[in-house]
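Just the one chain here, laid out as structure tokens, in the form predicted on its own.
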């Protein structure tokens, strides 16, 4: 009843439209919980983790420059130009630089998160320009590519990343595009031999890019040296398509139409030999090929396509920016949309209903927990990118697994969060200006860009099993072998002890998440065993098992690894947070853990990791935690650090004022009123 009494103190006189409507929604949000248990600014500092000045300055800029006010009903050409000019404004303010990869990669990820909140298309153009194109030139190029590199930050040189082909996405190592060395002219001849070899879904390619890193099978004589990156100029300084280059605009997509995607092909286009990105491999004058990369052509491919790894973190950062915005919008609206309360009158916010809380609060908890995990993975990745930052003792294989896992988890999460938030905001959620539609469309891009999420989970499983096999070899790592065997037999011991597995026992839930990961991977490893010693037959048998029989098991094991990884990070990081925010963070973490248990309850029951009594009590713990967290939900949304102007959505602000005039679904007039 305390909520009802607080709401009754808010004066709600509904008469002619006047400026007092500017503050009515704010009063309702204030009434939800005037005295949260923590300072949202302290929470923002914790979530930002690093780059505090960049975050603060970028948020202020995005909030005060009206150029970033969303526009919805505009022509395609104007929408694309707007995305480019917005990116240029961020570049001019030096919020993003390709050279951050050499000094502080986490700043790149921070810029992506903030950009994604206001314009997903702009953020996508950013990730291609600075990560995929710029990062590749920076890391694989040498002094002879300095002229191209120097024009990236200013957008003088706008680039695109030519890896995927129409017929080759996840198996890009088999691509058909060729770059053949011609010793007579000391040039490479870049060619697209078939329709399936077209470079496909090329961001920046349809309109804006003048350079492209073309990945191709590199031939010297009759020898295929594997995939390498070659710089090809696709437009001249006036924007005209270069001879031999064919560019087709891919047109309208289901969303993010500010991105100019293209399919591009090459008809024996000649470029200087020096256009080969040659830090790791070189074709010398005359045709001699040398490389620093040990191994076969696949190993060379993994090296030259390494920027996809940071790309996955960029996409995860963009996904989290969108998830945070969706949660903040839905929660702020839910606190101000009134419906029938105890009196029968419309004087009670829908956020007070259990239906609304059970839909939104678990998503809020996941958004927080995924963000904590992502920030730590960003920091771990930075160690491998910046010389001298030897902070974490993890292998490159572990970094690959982490990047693949967090990209998939956050990509799936933003789709779920945006969809449920849209539904729980009713018809208002269907309006483009309220931002859920663009978030849903953007989530579908993130689920397949830089690797299909489910395929990335296969990559996680492959790497995990390879690592497990290496550790289990006789004489290699006895402790690892013992740990895996313990996982195999622990469930029976747990059952005999009669462990109830209380939902409030964080340490125990964390423990059984660890066991779930190991049990599932032991099962996959056992299922993948083949008896034949014939190499060809063994390969065929493994392919059959992996691709045709055990994919559900593979996906489940990879998801178990992801859940445990996220729990591992949060278990440690929350304990290091400011004491004033630890209580609410622990509740969010606890709710996240219970949600994981509920989503996988059949596994935990059938493997005797939780008793029936423990499983039946989870719902009570779930309900209790939501009731404890719900009063703090608006303060938690504020903890994201996103301003009202960045959220933009009318339902997150003063939606009565927005509907007091003919708004045509646009935001410009509202911003003029709100900022006056």
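Only a predicted model underlies this, so the values are computations on that prediction, with no experimental measurement involved. Numbering follows the first chain given and starts at 1.
What comes next is about the form predicted together with another copy of the chain, which does not appear here.
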If we test each of 606, 103, 296, 240 for a heavy atom within 4.5 Å of another copy of the chain in the predicted bound form, the one that passes is 606
Of 252, 143, 576, 507, which residue is found within 4.5 angstroms of another copy of the chain in the predicted bound form when only non-hydrogen atoms are counted? 252
4.5 Å heavy atom contact, residue 552 to another copy of the chain in the predicted bound form: yes
Does residue 53 reach another copy of the chain in the predicted bound form, with heavy atoms at most 4.5 Å apart? no
Applying a 4.5 Å heavy atom distance criterion, does residue 531 contact another copy of the chain in the predicted bound form? no
Could you confirm whether residue 37 comes within 4.5 Å of another copy of the chain in the predicted bound form, counting heavy atoms only? no
Contact test, all of 85, 236 and 568, partner another copy of the chain in the predicted bound form, heavy atom 4.5 Å: no
Partner-facing stretch of 131 to 139, 72 to 80, 558 to 566, 180 to 188, counted where any non-hydrogen atom is within 4.5 angstroms of another copy of the chain in the predicted bound form: 72 to 80
Judged by heavy atom distances of 4.5 Å or less, which residues of 516 to 550 approach another copy of the chain in the predicted bound form? 539, 543, 547, 548, 549, 550
